[in-house]
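Only one chain comes next, encoded as structure tokens, the form predicted alone.
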Amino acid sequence: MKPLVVLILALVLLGLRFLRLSRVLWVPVWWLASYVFLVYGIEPPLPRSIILMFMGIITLSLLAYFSVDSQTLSAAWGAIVRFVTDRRYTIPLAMVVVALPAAVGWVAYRNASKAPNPPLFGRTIHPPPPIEITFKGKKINLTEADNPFRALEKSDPDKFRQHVARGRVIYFQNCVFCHGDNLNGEGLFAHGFDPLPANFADPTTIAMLQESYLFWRIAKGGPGLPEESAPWASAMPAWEKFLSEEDIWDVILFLYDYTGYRPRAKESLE
């Protein structure tokens, strides 16, 4: 989160409490505060699809808040009727009637007229990994690390298939929303990302990478990208916060098994 944005929002909301606003007026105040927080208060930025989903939930929650009982709903409805019919509110009502469609039109115009801008500098799709990372306190040397379950493919095929099946479950519980049912980067939230989620079905992705590289990228997510991969607005989380080491290795087995690719072999130096 961005502390400055959160602090400003907190001070504004605290100051508005002294105005003793009605419950009806608090609804748009909280709605706007929530929108500002989601758009400007979170780092890395959330994709637009996630913001829209959260704002839909917040809108329904706020509507439920001031309609929690018949007395509150009646008072809220009465306040709205007075605002629309009482001549004392003619000027504020006129401002609202003009401002709402004007705001919608301005947003539509801005989005339609916005020209796509190239990044300020080149982005490296597959940046070189660090030599070593720390995973939940454990140091992992990426130049030497191997998938500990890959050897089971030959030594114990049944056990290997169990790990692949477990990786499939983990993928469809956590990764499918962005990377898609077919692992092609066409998930439900895919087009809210910049860059788009990786297309594992493309032979230029995981087929060119070692399994330890995938472990790094899954474990550290977007926040773990080095500077040469910026700018980016991906919401790819650091999965080390949610998955175990075995979970990630199993997912990697599933990715290769589903796509039919083989991980890149280690190169030996003569």
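Residue indices: 1-based, along the sequence shown. Keep in mind that what you see is a predicted model, and the values were worked out from it rather than measured.
As for the form predicted in complex with heme C, it is not shown, yet the points below apply to it.
Shown without its partner, this chain lists 108, 151, 196, 98 as candidates; in the predicted bound form, only 196 has a non-hydrogen atom within 4.5 angstroms of heme C.
Residue 243 is the only one of 243, 62, 38, 50 with a heavy atom lying within 4.5 Å of heme C in the predicted bound form. None of the heavy atoms of residue 147 is located within 4.5 Å of heme C in the predicted bound form.
Taking the partner from the other structure, heme C in the predicted bound form has a heavy atom within 4.5 Å of a heavy atom of residue 176. Heme C is not drawn, but in the predicted bound form it has a heavy atom within 4.5 Å of residue 251. Heme C in the predicted bound form comes within 4.5 Å of a heavy atom belonging to residue 205. The stretch in contact with heme C in the predicted bound form, judged by heavy atoms within 4.5 Å, is 178-186, chosen from 79-87, 154-162, 137-145, 178-186. In the predicted bound form, 197, 198, 200, 205, 209, 213, 214, 217 are the residues of 197-217 with at least one heavy atom within 4.5 Å of heme C, listed from first to last.
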